[in-house]
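Coming up is one lone chain in structure tokens, specifically the form predicted on its own.
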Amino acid sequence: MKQLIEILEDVNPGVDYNTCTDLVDGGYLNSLSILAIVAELEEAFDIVISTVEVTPKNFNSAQSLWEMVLRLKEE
């Protein structure tokens, strides 16, 4: 999870990723930052994030992102 937070902070600094639960809905992440996060996560965790995974449900919080990463690592 720490590595995920570091990736988020590198892509889009200035957000409290430990507590924020509306990253997409609140406008903290835009489409470009989401694309950058997808690329970074795929490289860092050796996963493939398909377009069907790129939803507000999966990207609204660091916790939901982490759960997606763990799920994709198991597949």
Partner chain sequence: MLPLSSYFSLLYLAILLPGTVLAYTVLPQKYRRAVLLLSSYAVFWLVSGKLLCYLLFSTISVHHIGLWLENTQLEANRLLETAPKETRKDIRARTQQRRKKIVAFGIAVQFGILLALKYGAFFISNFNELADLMKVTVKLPVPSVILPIGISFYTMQAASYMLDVYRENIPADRNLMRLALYMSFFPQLMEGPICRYSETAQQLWDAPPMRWKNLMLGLQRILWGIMKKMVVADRLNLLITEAFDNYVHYDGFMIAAAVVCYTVQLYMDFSGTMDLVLGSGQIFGIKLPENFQRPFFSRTIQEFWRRWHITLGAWFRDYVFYPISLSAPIKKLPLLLQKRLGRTYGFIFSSIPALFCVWLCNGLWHGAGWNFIFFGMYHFALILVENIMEPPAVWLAKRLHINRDGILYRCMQIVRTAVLFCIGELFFRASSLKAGFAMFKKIFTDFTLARVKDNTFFSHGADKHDFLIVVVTLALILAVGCIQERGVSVRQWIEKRNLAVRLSLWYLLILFIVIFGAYGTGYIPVDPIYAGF
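From a predicted model like this one, the values you see are computed outputs, not experimental measurements. Numbering follows the first chain given and starts at 1.
Just so it is clear, the following notes concern the form predicted together with the partner chain, a form of the same protein that is not shown.
Three-residue candidate spot A36, V48 and V54; every residue lies within 4.5 angstroms of the partner chain in the model of the complex by at least one non-hydrogen atom. Not displayed here, the partner chain is kept clear of E67 by more than 4.5 Å at the level of heavy atoms in the model of the complex.
The closest non-hydrogen atom of V15 lies beyond 4.5 Å of the partner chain in the model of the complex. Proximity of V11 to the partner chain in the model of the complex: non-hydrogen atoms within 4.5 Å are present. The shortest heavy atom separation between L32 and the partner chain in the model of the complex is within 4.5 Å. Along 60-75, a non-hydrogen atom within 4.5 Å of the partner chain in the model of the complex is carried by no residue at all.
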